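First, one chain by itself: the form predicted on its own, in structure tokens.
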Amino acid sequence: MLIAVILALAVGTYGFRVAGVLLRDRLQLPEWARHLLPVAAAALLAALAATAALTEAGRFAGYARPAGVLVGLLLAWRRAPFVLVVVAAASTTALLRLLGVA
């Protein structure tokens, strides 16, 4: 049963991707929609990141995780190397949790 579900999801994902390539020239979007799509994609990504940073199992994740995300965000904004961003964010979260900040 699990294999059937995985295969169905794989076929559906592939179908959506192929449909985008095949229908790109046939589908004419209004100018306002063409300008709005990249903004909508960025807003969706920001909403997913905020949800992952602030919640865990439908509840507030505590203060340590958002603090780590904030440190990572600041370092990324300052154009720090990616490895440094990830290590600093994880270290901040781990240190705060070690100190008892939930």
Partner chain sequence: MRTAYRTADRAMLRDVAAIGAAMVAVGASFGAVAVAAGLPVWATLAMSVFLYAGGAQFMAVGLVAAGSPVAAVLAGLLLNARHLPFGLALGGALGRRRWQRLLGSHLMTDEATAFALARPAGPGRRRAFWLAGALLFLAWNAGTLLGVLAGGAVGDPAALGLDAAFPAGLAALLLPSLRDRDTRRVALAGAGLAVLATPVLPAGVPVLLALAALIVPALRGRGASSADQVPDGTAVAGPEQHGPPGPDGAAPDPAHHAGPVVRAGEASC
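Under this definition, the rigid core comprises the largest set of C-alpha atoms superposing within 1.5 Å between the forms. Just so it is clear, the structure is predicted and the values come from calculations on it, not from any experiment. Positions refer to the first chain, counted from 1.
What comes next is about the form predicted in complex with its partner chain, which does not appear here.
J.: Could you tell me if Thr51 has a non-hydrogen atom within 4.5 Å of its partner chain in the predicted bound form?
T.: The answer is yes: Thr51 has a heavy atom within 4.5 Å of its partner chain.
J.: Going by a heavy atom distance of 4.5 Å, is Leu99 a contact of its partner chain in the predicted bound form?
T.: Because no heavy atom of Leu99 falls inside 4.5 Å of its partner chain in the predicted bound form, the answer is no.
J.: Are any of the heavy atoms in Pro30 no more than 4.5 Å from a heavy atom of its partner chain in the predicted bound form?
T.: Because no heavy atom of Pro30 falls inside 4.5 Å of its partner chain in the predicted bound form, the answer is no.
J.: Compare the position of the CA of Leu22 between the shown form and the other one after a rigid core fit and state whether the shift reaches 2 Å.
T.: Result for Leu22: yes, a 2 Å-plus shift.
J.: Does the C-alpha of Trp32 move 2 Å or more between the shown form and the other one once the rigid core is lined up?
T.: Comparing the forms between the shown form and the other one, which are aligned on their rigid core, Trp32 does shift its C-alpha by 2 Å or more.
J.: Tell me, please, whether between the shown form and the other one the C-alpha of Pro81 is shifted by 2 Å or more, with the rigid core used for superposition.
T.: No: Pro81 shifts by under 2 Å between the shown form and the other one.
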